[in-house]
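This document opens with one chain alone, in structure tokens, the form predicted on its own.
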């Protein structure tokens, strides 16, 4: 009798363990991450990969998606549109449930078109061009970051009303993102221009990947601006700041939200990076949400420090949003995920509540002015 009881207990425990294991291992929910793991913006892609990995670990610690583990597949888009299309095709062929990506509007666009044609949900994390959601209907495209028009509006108001800068210089790089922010900034400056409260004394583009920007810097200096707003990416921004300061330009330099990260500081040098300003969504260290503390502690424990730009955090939020949508829909079908994404009100990410408009844009993205301090770290600007 005693032997039968022991056998029954062991048998019951064994069945429970086997059923638990089989449930966990039966079929993971595979989600793709498309990011610039290599190329000009590799630091951003590497941080995005790390952030999504941490998010997946936290999600799996809480039981995954209705008992199924989340698995991430990485596709490197090399920081350029051509490889972006190849990376998207790779993820489509692997039949992932949905995709997070990518960094850069011009890099994201060809991938988003491919995902759309294949009815695959994609969530952009570092692509702010207004046209991604407004120039055509992309039913399956969402983004967790803000848009260029919000940033342009923030800078225009801050520059004129908060700082009293009257002679404004705007420099971009003629690429989708950089030109987009510049155009939106110009649009929101227009009322101030008409009222005589401001004047755009310089509006021009530089060529990406050049090493000598002396001609552009000389032209800008001759216009005698009160502020220099650069609306493109960090590699050129670092060189421009260094070369501009060495040429004697001392006016405030303001970078758009594709400038801040550790590589910008390295390229410019701390002596030239310090004091530069950035129009920016809240940086990781300034985010105070229920998830942020746990997420950032886990990231720091694994990688030594928290991310130096906001975009990888939005990549993690892309995963949190997709997971909640799949849970709400109780389905991995694109139609069901899409409907859930647009209607859900219970998705929480590192940056807070994740809500989407009917066009797939993230709602309620705040902006702030940041400043690099003497240690080469960003902090909220105190005028």
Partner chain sequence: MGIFFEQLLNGLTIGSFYALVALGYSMVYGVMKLINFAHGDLFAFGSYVGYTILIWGSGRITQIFGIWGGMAVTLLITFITVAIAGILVEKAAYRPVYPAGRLPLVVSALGMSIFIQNGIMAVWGPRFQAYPSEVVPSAAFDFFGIHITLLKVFILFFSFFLMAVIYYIVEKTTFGAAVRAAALDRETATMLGIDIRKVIFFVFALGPALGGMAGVMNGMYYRSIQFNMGWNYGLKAFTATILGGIGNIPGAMIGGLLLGIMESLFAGYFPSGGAWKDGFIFIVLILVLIWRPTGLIGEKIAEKV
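Numbering follows the first chain given and starts at 1. The shown structure was predicted, so the numbers you read here are calculated from the model rather than taken from an experiment.
Not on display, but discussed next: the form predicted together with its partner chain.
Its partner chain is not shown here, and in the predicted complex it never comes within 4.5 Å of any heavy atom of residue 200.
Within this chain, residue 247 lines the site of its partner chain in the predicted complex, having a heavy atom no more than 4.5 Å away. Shown alone here, residue 95 lies farther than 4.5 Å from its partner chain in the predicted complex, counting heavy atoms only. Under a 4.5 angstroms non-hydrogen atom cutoff, its partner chain in the predicted complex has residue 46 among its neighbouring residues. Picking from 123-131, 207-215, 182-190, 87-95 the stretch near its partner chain in the predicted complex, with a 4.5 Å limit on heavy atoms, gives 207-215. Just one of 292, 175, 150, 243 comes within 4.5 Å of its partner chain in the predicted complex, counting any heavy atom, and that one is 243.
Proximity to its partner chain in the predicted complex, taken as a non-hydrogen atom within 4.5 angstroms, holds for one residue of 288, 305, 222, 137, which is 222. In the predicted complex, its partner chain lies beyond 4.5 angstroms of every heavy atom of every residue of 180-198.
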